[in-house]
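First comes one chain, alone, set out as structure tokens in the form predicted on its own.
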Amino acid sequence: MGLLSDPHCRRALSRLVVRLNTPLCVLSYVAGLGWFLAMALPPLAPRTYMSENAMGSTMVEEQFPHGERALAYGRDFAAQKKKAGGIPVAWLEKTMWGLGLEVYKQPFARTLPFPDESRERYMVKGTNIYGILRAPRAASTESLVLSVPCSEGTQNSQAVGLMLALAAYFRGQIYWAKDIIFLVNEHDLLGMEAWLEAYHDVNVTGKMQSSGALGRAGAIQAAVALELSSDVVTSFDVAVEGLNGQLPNLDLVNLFHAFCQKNGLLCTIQGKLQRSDWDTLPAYAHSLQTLLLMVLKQGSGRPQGDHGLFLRYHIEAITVRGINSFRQYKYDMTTVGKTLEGMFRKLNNLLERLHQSYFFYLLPSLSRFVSIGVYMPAFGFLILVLALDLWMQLNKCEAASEPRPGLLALVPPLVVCHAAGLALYLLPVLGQRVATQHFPVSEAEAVVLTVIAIYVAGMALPHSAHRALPGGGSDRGWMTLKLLALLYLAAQLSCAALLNFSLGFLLAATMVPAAAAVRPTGPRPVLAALLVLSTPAVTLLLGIFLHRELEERPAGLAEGWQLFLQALAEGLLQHHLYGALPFPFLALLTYPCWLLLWNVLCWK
């Protein structure tokens, strides 16, 4: 502090930072990327451990014996589903009543803001069925949830069968201290959102029409969403990324991994099976791929399973997917049922909500984690580039001999940039009917093409707005505007990284170099190309190609473009249906900030 309080030392430090600004910015940016790449190494990714005392041991004797019964239930459910042409409500009600559960059904309806062409639906109607097993040793103050999405076709019928077999077995046990809810939800996330809103008596999205939940259990402590693709399972894949990048408490992930190890089940994350040789280069590359996949999925803000909507209600949840692949190890329903039984018996021992372990983390594998205290420095180094450039702009503004422009000179570009962002947010959905009347496109295509048109047209609007007032076109004017844009970008990226590190880091890694380099006096074509490559739309497109490469399913240019258009439509739907924040964040904040930088480049 003495160095900064001494005026002579402060001026010397300021001159040093100004003189070495470019090398320091490059060094800080490289350090940020290097720190991120190093997070897959064991020193920065310690082994996971159980923090909750009530779940610290897997010493539970699982006795689930009804594997064949689960397969029989699954076959019956598939036959009834095919006969009914959808979820067999009457059969499920009768079966659950026969198992001794309190059974309730919840009809719901939802009209989408525009047709979902990937799933071919617009006006969605469905029914959720759930049965409640009352705890014999408590007063229904707490509960657990086992949910199974009722997918189209024959998929997930085995999961329904296993859920019913578990309900039959749990009904005969006397040690339950929490109610257990067995839920079959129709239309994947839409059904789950309808059930959660009705159960908690809220209306988050405002457009869901539902009869409400007729029966309630205690406050939900934890939930597991189960998906099975076959009668035989070779491995389990765990999905943790929820809505807006939320993650469940790490203890819940550790608990499932511990019971998989106990029962000899292979368990993966991001489809990657962890390696034991951590000190080799192939193992590091494997961990880095897993880490990057999690960052890309978390940054999208899209829930990777039904569990993702539970997290909004402070309910810890994961999605467990049974995979039947080419691996030689096969596991029957009895082993899978014992694993879930062990999990629920451990969760039954909880005296309070899961809170002792981490809520902010990244997973290079299921046995190692990167905590928030380790991954935030990577983002800090990237933001340091903006801080150094801010210092540079402040010194330039102080040294400039031109009169300081008034604040009114900055109002036109600010207003125009944010008006373009507001149009990008509102017009695609509101103007879809007008677009379909004048152009030969469907409503979904009209929404996506309107987004692209407004996005591209916005680049032509603000670059001449500063000429509306006298004095706005001076050198000191663009320096002041860049200073404002850098402050704006640093503030929004910092807020994004605190809530969703992956989104903040991906935007910082692409936008910071262009933001620091942009100016109207340099090689304008080069800077324009750099700025266009740093736009959020290009970041999304590159992220799609990277995601397919990491999944070892590389996409061509044509397929990548189709995936890009689908991602745009999915982003709008996720926002309007579930309240996902990436689209409004990018449209109302990031895109206007990028347009301010484009304004700086086009300053005359």
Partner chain sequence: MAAALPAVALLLGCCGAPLASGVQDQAEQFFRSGHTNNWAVLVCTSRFWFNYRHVANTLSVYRSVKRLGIPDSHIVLMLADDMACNPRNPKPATVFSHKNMELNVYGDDVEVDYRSYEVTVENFLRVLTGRIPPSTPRSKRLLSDDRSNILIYMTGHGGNGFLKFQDSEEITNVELADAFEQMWQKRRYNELLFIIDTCQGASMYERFYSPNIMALASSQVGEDSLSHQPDLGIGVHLMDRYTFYVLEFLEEIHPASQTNMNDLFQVCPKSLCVSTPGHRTDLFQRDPQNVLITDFFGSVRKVEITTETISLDRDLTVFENEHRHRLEDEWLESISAEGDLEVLVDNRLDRSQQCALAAKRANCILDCIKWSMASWSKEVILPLHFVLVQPHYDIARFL
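Predicted model, so just to flag it, every value in this text is computed and none were measured. Positions refer to the first chain, counted from 1.
Keep in mind that the form predicted in complex with the partner chain is not shown, yet the notes after this line are about it.
In the predicted bound form, at least one heavy atom of W176 sits within 4.5 Å of the partner chain. The partner chain is not drawn, but in the predicted bound form it has no heavy atom within 4.5 Å of R368. In the predicted bound form, at least one heavy atom of K346 sits within 4.5 Å of the partner chain. Among heavy atoms of M123, none comes within 4.5 Å of the partner chain in the predicted bound form. Note that among 263-271, 498-506, 132-140, 286-294, the stretch whose heavy atoms approach the partner chain to within 4.5 Å in the predicted bound form is 132-140. A single residue from the set L563, M50, V60, A569 has any heavy atom within 4.5 angstroms of the partner chain in the predicted bound form; that residue is V60. This chain is drawn without the partner chain; in the predicted bound form, the residue among A517, L350, L427, A78 with a heavy atom within 4.5 Å of it is L350.
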